[in-house]
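In structure tokens, the next block holds one chain alone, the form predicted alone.
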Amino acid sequence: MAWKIFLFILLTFVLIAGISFPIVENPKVWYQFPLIPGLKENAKIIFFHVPSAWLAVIGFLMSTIYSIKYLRKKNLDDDAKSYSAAQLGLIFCILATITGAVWAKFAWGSFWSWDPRQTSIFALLLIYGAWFALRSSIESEDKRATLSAVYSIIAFVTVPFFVFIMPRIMDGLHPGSADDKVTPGGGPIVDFRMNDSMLVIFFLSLIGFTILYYWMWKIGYKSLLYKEKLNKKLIRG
């Protein structure tokens, strides 16, 4: 119970600080953030956009780990844990896409510019969307778990490429691209530099959202196990 109170306080602080702390050209006190040309107040979206993308990767990674465990032991509990992690991974991937589009509107002038990072996250949405479609099309519990596990492992091979490699080897507008070049119709390049206060809030946001993810994951897979047990009892009864 104590950690839940801690999580509530932490996320409340991040939310209040991330939204209310002022952005000024020359920060002089600890609660002021630096002015970032091209974003201004919209720079605060980093406290929600980056954690969403981070948790999408964590979700897909955990799904793969439990998929491997399932293939080794054939324990359906591992399949439930993999499925719950993938659900959260897809949810946070969607949130990262939405918050990234809002970022793009103010940084580049358009919600969608087919920047390498936007293209890569869209590809992940399609790949994992297909994974859920595959699961829903198979009735046999064991067969569904086995095929899902194999698909999850193969799908995750693409995650490091789309998230960490592709955006860094291709020209794009997003900070961290190969040359950060301006493409036709795009907006200005954003030189994103955080001061110490902004970094603290940013890392607290990562920590808070990671704890929240773990809590949601535990609730998710336990609810799946209870649902399976209830269905089996109804079938037998």
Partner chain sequence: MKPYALFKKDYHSELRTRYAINSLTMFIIVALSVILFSIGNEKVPQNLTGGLLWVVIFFSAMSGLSRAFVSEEERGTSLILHLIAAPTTIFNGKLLFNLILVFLMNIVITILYSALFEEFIIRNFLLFFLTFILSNIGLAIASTIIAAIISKAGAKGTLYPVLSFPILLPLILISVMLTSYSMIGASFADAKMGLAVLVSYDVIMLTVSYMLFDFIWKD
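Every value quoted in this text rests on a predicted model; they were computed, and no experiment measured them. Numbering follows the first chain given and starts at 1.
Heads up, the form predicted in complex with its partner chain isn't pictured, but that's what we're talking about next.
- None of the heavy atoms of F111 is located within 4.5 Å of its partner chain in the predicted bound form.
- Interface membership of I211, defined by any non-hydrogen atom within 4.5 Å of its partner chain in the predicted bound form, is ruled out.
- Looking at N75, you'd find every heavy atom of it more than 4.5 angstroms from its partner chain in the predicted bound form.
- Put simply, T97 is far from its partner chain in the predicted bound form: not one heavy atom of it is within 4.5 Å.
- The three residues T119, I154 and I165 all sit with a heavy atom within 4.5 Å of its partner chain in the predicted bound form.
- Here the chain stands by itself, but in the predicted bound form one stretch of 75-83, 88-96, 157-165, 101-109, 157-165, has heavy atoms within 4.5 Å of its partner chain.
- Using a 4.5 Å cut-off on any heavy atom, the residues of 115-147 that reach its partner chain in the predicted bound form are, in sequence order, T119, A123, L126, I127, A130, A133, L134, S137, I138, K143, T146, L147.
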